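Starting off, we have a lone chain in the form predicted on its own, written out as structure tokens.
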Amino acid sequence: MAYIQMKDVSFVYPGGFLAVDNINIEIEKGENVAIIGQNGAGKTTTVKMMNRLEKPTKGDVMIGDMNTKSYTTAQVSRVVGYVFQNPDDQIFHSTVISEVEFGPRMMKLPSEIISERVSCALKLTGLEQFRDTNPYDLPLSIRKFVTIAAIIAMDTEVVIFDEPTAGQDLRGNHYLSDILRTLNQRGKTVITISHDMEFVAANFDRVIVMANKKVVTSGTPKEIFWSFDALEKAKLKQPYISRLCRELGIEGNIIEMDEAVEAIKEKCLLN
């Protein structure tokens, strides 16, 4: 049985707006999954139901043997951590360290464990030099890492990122890649919403495509980014590397730069 299961799940906001329409999703423990789709596809509402920020109108969301309908948001958040797209929706302490400590303190953990978790989270996110800084004195791109560190310090089994690359430069994206890889190596289940197709192609084992409030399909990045039917339904483009290789007539369902360089070299030698 999959660790996360969404069974015939729909969500209707007050006022009658249907945001998610009868979806079924299964995610195994320890998977590293991206969810992609245009704005309005239902992505954020879907992941918010995974940690009980939203309660399904219809259907069931299971995390292990826990049906989220039977638990509070606070209880589910100990298992499923959620990093908001906008860090200002999440930060409310006056220093970075107090923000990162908050979750573990609320869990009433021993002080030595809190200290260890906070130290590891600050190191992983590159925030050690900012521990005593007010988060709102930091630029948005770094402020986003404060919220990531706060969730990492809680050591949840599942970590959800909502558009983590938004507002990031190349350096920030490299940090994010390292964080995702480290969490996955620790056995965490990582779920990420992203509009950055290059980032998705390079960092995830499986991609779930959503469009019109439904799940269109799922597969490996190579499968998804060379499935023109799925991309058309979701109104998404291939990563630019894939588009370049396609224009050059290079075969192999290429999605990453290193693959493209080798394929182009080989093509040039053959010609």
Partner chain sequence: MDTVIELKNVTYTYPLADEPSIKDMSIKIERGKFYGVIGENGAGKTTLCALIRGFAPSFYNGELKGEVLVEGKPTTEFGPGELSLKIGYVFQNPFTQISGVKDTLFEEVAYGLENFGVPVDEIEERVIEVMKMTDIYSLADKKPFELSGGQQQRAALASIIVLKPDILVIDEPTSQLDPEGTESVFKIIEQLKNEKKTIILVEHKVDMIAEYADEILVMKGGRLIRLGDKQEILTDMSLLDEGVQLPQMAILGERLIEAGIPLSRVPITERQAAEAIGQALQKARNS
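Positions refer to the first chain, counted from 1. Small disclaimer: the values here were computed from a predicted structure and weren't measured.
The protein also exists as the form predicted together with the partner chain; that form is not presented, and the subsequent description refers to it.
Screening Val33, Leu53, Met62, Leu236 for any heavy atom within 4.5 Å of the partner chain in the model of the complex leaves a single hit, Leu236. Interface residue among Ala166, Leu124, Met107, Val79, judged by heavy atoms within 4.5 Å of the partner chain in the model of the complex: Ala166. Comment: 228-236 is the region of 210-218, 45-53, 65-73, 228-236 lying near the partner chain in the model of the complex, near meaning a non-hydrogen atom within 4.5 Å. Contact between Ala19 and the partner chain in the model of the complex is not found at the 4.5 Å heavy atom cutoff. Among residues of the shown chain, Ala202 is not one whose heavy atoms approach the partner chain to within 4.5 Å in the model of the complex.
In the model of the complex, the partner chain sits within 4.5 Å of a heavy atom belonging to Ala260.
A residue is said to contact a partner when one of its heavy atoms sits within 4.5 Å of a partner heavy atom; Cys268 meets this definition for the partner chain in the model of the complex. Along 175-196, one residue reaches a heavy atom to within 4.5 Å of the partner chain in the model of the complex: His195.
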